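Let's start with one chain on its own, the form predicted alone, as structure tokens.
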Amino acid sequence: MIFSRPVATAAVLVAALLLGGCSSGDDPAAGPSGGTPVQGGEVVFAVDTEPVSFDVHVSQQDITGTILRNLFDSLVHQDGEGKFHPWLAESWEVADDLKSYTFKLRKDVKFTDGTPFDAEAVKVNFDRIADPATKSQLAATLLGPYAGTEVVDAHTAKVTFKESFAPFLQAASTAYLGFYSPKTIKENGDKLAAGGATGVSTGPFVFSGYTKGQSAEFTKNPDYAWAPKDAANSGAAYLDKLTIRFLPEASVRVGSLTSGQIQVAAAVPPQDAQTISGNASLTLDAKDSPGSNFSLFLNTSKAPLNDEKVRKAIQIGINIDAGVKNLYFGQYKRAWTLLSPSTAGYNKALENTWPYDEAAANKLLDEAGWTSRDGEGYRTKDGKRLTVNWPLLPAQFVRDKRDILGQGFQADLKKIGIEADRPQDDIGTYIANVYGGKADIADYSWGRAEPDVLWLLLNGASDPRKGGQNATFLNDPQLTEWTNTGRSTLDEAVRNDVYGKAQQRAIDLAIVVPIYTPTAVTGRAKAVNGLAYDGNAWPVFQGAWLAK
């Protein structure tokens, strides 16, 4: 969900620094000391946004997944290369028709309240996610056409679907399909969003405290002994404590890192890369995020964006190259399609096919009948100004300077006569307007190492008013057919074909305006060893340790 300027030569310098600091796959981040991991200590990890909800079954924010990945285990583990490994499930069988997945569960796993993790726990959690009363905004879509979970025996769970569902293993590897203790669901289900000790799971850390606006605290689960089969650390976390601090100001995060107040900082901006790389005690890790690029989604359900010519004018009438280059200095790549280049099914053929063209945008608006201009230079038709409503998230939820990026696009749109109104209301009002179809434009990226993210963003059944994420509000038969086909087969050639065509059609219909590919840039003290990154480029602290 959605999110200082050095001299021009900084673009080349920052790019070099970031490339030099990249981590790949799930490999632990290198530290200066190497050797035997050290037990104990605390790491403070500063992030740029605070979750609206800590209920992992309800929240759609990537920050929720980032933080709670360290609390929740999954049935399977997806590494940085996209391969799956045993985790809470020792093994699994997939039906030939892809309508059922049978998992053989480990027998030694316990929730931190002492209750056992078993097939019944799988059923309780998946049923909770699928229950409309839960109001899941992401996990329910990850479960797709869920039909139910059968408890075959205490340690065998058979998950069934109404239709073939190829993306399920990847979905089952995410924190969003992680498991709460059935006991806490029964006793505290309505309190899980608030965070804190009620969030009982099986992971390497226990959610021990939360102070709104400041921090979340996690302490070591000493009984943890069921890490993924490919994890460097097979047992309990080395750290005694992991503290998450909410520091939305980049300068504060970087300053806290350089001063030693924190040990890891998320979302390092380009202008601060040199500061961190130039510090002998610090380093950078950078990794392109999989899933959907940060994009604008144009609401086709009402005027003025029910007119394809107006949508196309917006698509080519904002100077994306200049905006991304000037603000991010090479840290982020300009996007040409919805999928990130690191995601399977990426349609490379779309690159450079719809460049900025102010003259063509003006021509399209003339053809659409918006030929007059008012005293402020905005286009009018039948006495009405051409205005689009593009809500901005409250400041604490804005990331990557997307508000500043939007200001540049507002100026571009004014040049072609479109007024972009950017109200910044409270989060409740924002959600009601964007997900209720009242806004004209929504902007966000979506982290997921699976091209089925296109189903979430483009399929007609993924209606935001019913828990979906298709903020174009368009039920296009071809997009729906192609994204349905993609999730009903494991044939790579078929998936690449339909997902490639879906990306092309989304651009042709001008229902999306891809902007940039998010890159997870993390600054850390070199004393932090063993920090790994999962398939979503999110940091995993189970194997992290502090050199003395």
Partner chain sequence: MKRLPVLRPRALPRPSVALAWTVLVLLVLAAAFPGLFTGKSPIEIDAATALRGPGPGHWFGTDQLGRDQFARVVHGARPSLLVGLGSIAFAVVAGALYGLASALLGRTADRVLMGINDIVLALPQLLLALLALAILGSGQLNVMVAIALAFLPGYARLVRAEALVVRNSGYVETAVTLGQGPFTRAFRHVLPNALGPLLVLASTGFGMSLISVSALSFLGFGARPPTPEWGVMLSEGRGLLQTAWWLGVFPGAAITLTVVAVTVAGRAAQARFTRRTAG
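Predicted model, so just to flag it, every value in this text is computed and none were measured. Residue numbers count along the first chain shown, from 1.
The same protein also exists as the form predicted together with its partner chain; that form is not shown, yet it is the one meant from here on.
*Asks:* Which among 222-230, 471-479, 158-166, 421-429 is in contact with its partner chain in the predicted complex, heavy atoms within 4.5 angstroms?
*Replies:* Of the options, only 421-429 has residues within 4.5 Å of the partner.
*Asks:* Taking 4.5 Å between heavy atoms as the contact cutoff, choose which of L296, I129, L327, L305 touches its partner chain in the predicted complex.
*Replies:* Only one option qualifies, and that one is L327.
*Asks:* Just one of T102, S234, T380, Q407 has a heavy atom within 4.5 angstroms of its partner chain in the predicted complex, so which one?
*Replies:* Of the listed residues, the single hit is Q407.
*Asks:* Is D412 one of the residues lying within 4.5 Å of its partner chain in the predicted complex, judged by heavy atom distances?
*Replies:* Yes.
*Asks:* Answer yes if any heavy atom of Q271 is within 4.5 Å of a heavy atom of its partner chain in the predicted complex; otherwise answer no.
*Replies:* Because a heavy atom of Q271 falls inside 4.5 Å of its partner chain in the predicted complex, the answer is yes.
*Asks:* Since only the chain is shown here, I'm wondering whether K401 would be in contact with its partner chain in the predicted complex (any heavy atom pair within 4.5 Å).
*Replies:* Flag for K401 set to yes.
*Asks:* Wondering, does Q261 line up within 4.5 Å of its partner chain in the predicted complex on heavy atoms?
*Replies:* No - in the predicted complex, heavy atoms of Q261 and its partner chain never come within 4.5 Å of each other.
*Asks:* In sequence order, which positions of 240-259 have a non-hydrogen atom within 4.5 Å of its partner chain in the predicted complex?
*Replies:* The stretch 240-259, when checked against its partner chain in the predicted complex, contributes only E249 at the 4.5 Å heavy-atom cut-off.
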